[in-house]
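Quick heads-up: it's one chain on its own, the form predicted alone, in structure tokens.
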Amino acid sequence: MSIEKEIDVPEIGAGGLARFAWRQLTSMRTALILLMLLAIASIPGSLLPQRNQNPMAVREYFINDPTLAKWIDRFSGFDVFSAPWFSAIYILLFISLIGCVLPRTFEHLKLVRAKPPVTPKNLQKLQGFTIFPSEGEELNRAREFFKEERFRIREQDGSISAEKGYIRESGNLLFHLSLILILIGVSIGSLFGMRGDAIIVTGERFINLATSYDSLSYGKLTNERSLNTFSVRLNKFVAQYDPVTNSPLDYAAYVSIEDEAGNTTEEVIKVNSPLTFGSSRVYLQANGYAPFVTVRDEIGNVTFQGPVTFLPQDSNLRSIGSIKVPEASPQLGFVSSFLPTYQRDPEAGGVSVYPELLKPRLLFSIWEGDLGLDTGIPQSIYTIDTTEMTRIALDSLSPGERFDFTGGSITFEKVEPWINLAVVRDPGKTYSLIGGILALAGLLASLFGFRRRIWLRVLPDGQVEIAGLAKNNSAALDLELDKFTRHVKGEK
């Protein structure tokens, strides 16, 4: 007959559960898993269009496959980097790295300041063990060697314990601490940063207001009131190209700047030379051409007049664009392309053979009907949905020419360059840059440094023992032990 004895298992309690969860979260294994999850979670943000960057592409998803798009949107696929699940991974990784690395850093600092361990009793079992008769100067020679090689030493009872190579562990910790600094920089940028893009044509002025941007995204804790006060007027844009390869050599935008105090200065913006206004920088990001056109109705009244920005399609700045005239009756749309240096190709039709304005030409087809501007659905400024329209004409113009069609006329007045200004405020980029540099330095230190210990003992019978121990790179330790032994023996 067996007697079963009940064993009382103590409850872990809320405090114990919290400590267990904290230990699991701050383990290096968890940090690596979260880092991998963060990389995997970033993949949809690279493959899918993001709503704050390309809302037109997101709209195309909903038009082409509404069911799939709704499911993607339900899981924040079009807003990956602001999704709750992405933020959760990011925050957990941040906490895990801090809880994992900081305690290790404090322990490492204690080890670095501590004396090397005492000489083991049995050196025969260690790497590179050597024994030879003493001449009486071995300890002094050993001290000289360790001082020259910057070893930390500890002397005790006729023996010397020397240690060197904490740079490997230091580099490893520096790398992980730098990751925390990078995460801090990214967090500051996402909270207090902003980014906006604006296209301005030569002769136009950009004022740093929310309504002046073509696209604008704020950080979590910023809004339109945090924008710097300044304006930029584009006086001239000069692009230089290689006449042989057509590749760009230099871009320069000559602008007039008016700051917050009302002071006006003349500046030049180049690709790697942005303007700075407080914590904001203005970059020259792209360029193209904007034909100036005038559209009149059948009795000569102007229904549209002004520049129209065209979107470059290749390195020779063949560009597409659309001219929308909702004031006409019926509404008119010009599906157009612009060629800076026009040439007729037998197969491709009109092409541009050089990016400068050597032989500019505007090609267009004229459509009448409903432009769809009253549907409330956002449209691209570069294309026209001609589903509900009818084509009435097809032609091309050079600057100064006019084309008459049923219901009116279009005149190609001139063409001017446009530039895209990217206004960026990222207060965390300095931290991220420093973190990246330190991470690289820590990685190099952890790869090329190795920790080792060397011991020397003078025995009572007049024998000298030498041995060493390395956590990695045993071959390098053998070479150093050989060098140390020859120095102790007085050999050159």
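If you superpose the two forms and keep the largest set of C-alpha atoms that fall within 1.5 Å, you have the rigid core. When you see a residue number, it is the position in the sequence shown, counting from 1. Only a predicted model underlies this, so the values are computations on that prediction, with no experimental measurement involved.
What comes next is about the form predicted together with a small molecule, which is not displayed.
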Given that the small molecule is left out here, which of Leu97, Ala83, Met389, Val186 has a heavy atom within 4.5 Å of it in the model of the complex?
Leu97
The unique member of Val325, Leu317, Val282, Leu93 whose heavy atoms fall within 4.5 Å of the small molecule in the model of the complex
Leu93
Phe192 within 4.5 Å of the small molecule in the model of the complex, heavy atoms
no
Interface membership of Gln50, the small molecule in the model of the complex, 4.5 Å heavy atom rule:
no
For Thr26, is any heavy atom within 4.5 Å of the small molecule in the model of the complex, or not?
yes
Tell me, yes or no, whether Leu443 is in contact with the small molecule in the model of the complex, where a contact means a heavy atom of each within 4.5 Å.
yes
Work out which of the listed stretches, 171-179, 151-159, 364-372, 234-242, brings a heavy atom within 4.5 angstroms of the small molecule in the model of the complex.
171-179
Indicate whether Thr341 shows a C-alpha shift of 2 Å or more between this form and the one not shown, with the rigid core used for the fit.
no
Return yes or no for Gly171: a CA shift of at least 2 Å between this form and the one not shown, with the rigid core superposed?
yes
Ile89: with the rigid core matched between this form and the one not shown, does its Cα shift 2 Å or more?
yes
